[in-house]
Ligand code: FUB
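There is one chain below, alone, in structure tokens, taken in the form predicted alone.
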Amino acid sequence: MKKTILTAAIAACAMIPAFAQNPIISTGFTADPSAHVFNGRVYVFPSHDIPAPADFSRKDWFCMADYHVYSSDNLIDWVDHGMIVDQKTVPWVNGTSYSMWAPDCNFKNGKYYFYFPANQKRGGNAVGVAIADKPEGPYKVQENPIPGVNGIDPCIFIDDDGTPYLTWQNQGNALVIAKLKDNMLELASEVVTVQHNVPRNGLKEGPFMFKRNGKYYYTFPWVERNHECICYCMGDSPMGPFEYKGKVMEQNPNCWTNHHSMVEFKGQWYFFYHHNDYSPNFDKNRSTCIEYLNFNEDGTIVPIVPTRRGVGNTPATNKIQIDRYSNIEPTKHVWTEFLRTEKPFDGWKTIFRNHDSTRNPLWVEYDRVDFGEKDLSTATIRCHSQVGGTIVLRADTQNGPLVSTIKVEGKPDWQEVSAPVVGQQKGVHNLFVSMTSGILVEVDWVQFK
């Protein structure tokens, strides 16, 4: 999976395309994604993990200095609109604390209100607000944080009647909620501890609220054992009480934290979360991922299993990153690795190894490739093999219609190899990529033209 190239000219206009497969952003670390639909686009407001600079002593801890915003109109092509808030330009923030934790944003009164937590110059965490005319900014930061909001991980929920609510984790590690005034800058009620019946104690943070079919969903990361799972409660009022319903996503033993949001877009619900895919040995550098979110008839949430594939249909004319596969041949003869371990944002390669005549073809399956309605003439793979081999592309199943057979010559360097499309496909199909001969072939991507 290849990295988007960040040139100085592109960076200046801050319009960086990203990839559709998980993780969705490959130009930097993005955690705690808060997703909302504004003007027919999905906007994601994440926190931004960075390597610890010289003036930050905790090299083993989370380090976050600013915020970016990303958007997409199809969940396939993402745009980085650039930095919207920086710790060094917020009057009340300790500019060397690197504590710009999970944010949120919402729309009211013709304005976009971006809520962000950070460490104050006088100590302790507070929540500030930045206001913009457009979701991508520019944002104007307010001089002072919201009075009476001491904590992190704000979520701004606006009910159907226009009433805004702010919920967050306070400094006592409790989840709390309060109404906001219409100006979106002051509390309009007492701060209330969120009542729920989660079965055991454990750290709770990062709340996210939404409403569906008249029910209020209160969701949050919860350290049930050693790592955070995402759980949820349901209630009849935005202030609660809420009844615990279960887990949306189980804990991942490779990443201590998880943080999420849920949004409906074009009739389908989606679940945004983070994982440390690009930083497997350091889980304080996280990346945003997306999965489909579905509900049972009674409104409860169908539990989600993380995938590499993510969501959406990938156009066949794109570079299809088969390392983000949906399914894989169940042996240890196919696996993925970073293209270059020293540059993880360059992405991954798929390795097919040790095929012989007594073993079935080695394969990976990549779901939901859109071949369109026009005939395609060639299939191309970027690959590497010292001794050569054969890569076969099929549609729908492992033994489905043949799309193309690509002969790979043995060469010392990476190469792009093309072959004719012999079986035209129209519309959306799963793609099976198999090695049918050879000892070792590495594949970066597949593309049709």
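Since this is a predicted model, take the numbers as computed values, not measurements. Note that residue numbering begins at 1 and tracks the sequence as displayed.
The protein also exists as the form predicted in complex with this ligand; that form is not presented, and the subsequent description refers to it.
Engineer: Indicate whether this ligand has at least one heavy atom within 4.5 Å of a heavy atom of residue 259 in the model of the complex.
Structural biologist: Heavy-atom contact with this ligand at 4.5 Å: present for residue 259.
Engineer: With a cut-off of 4.5 Å between heavy atoms, is residue 129 one of the residues that contacts this ligand in the model of the complex?
Structural biologist: Taking the distances in the model of the complex, the answer for residue 129 is no, it never comes within 4.5 Å of this ligand.
Engineer: Is residue 322 close enough to this ligand in the model of the complex to count, meaning some heavy atom within 4.5 Å?
Structural biologist: Looking in the model of the complex, residue contacts with this ligand do not include residue 322, since no heavy atom lies within 4.5 Å.
Engineer: Even though the partner isn't displayed, in the model of the complex is residue 153 close enough to this ligand, meaning a heavy atom within 4.5 Å?
Structural biologist: Yes, residue 153 lies within 4.5 Å of this ligand in the model of the complex.
Engineer: Which is the contacting stretch out of 105-113, 175-183, 250-258, 139-147, given heavy atoms within 4.5 Å of this ligand in the model of the complex?
Structural biologist: The contacting stretch is 250-258.
Engineer: Identify, from the list 381, 44, 408, 64, the residue with a heavy atom within 4.5 Å of this ligand in the model of the complex.
Structural biologist: Checked against the cut-off, the match is 64.
Engineer: Tell me, which of 277, 329, 80, 205 has a heavy atom within 4.5 angstroms of this ligand in the model of the complex?
Structural biologist: Flagged contact: 205.
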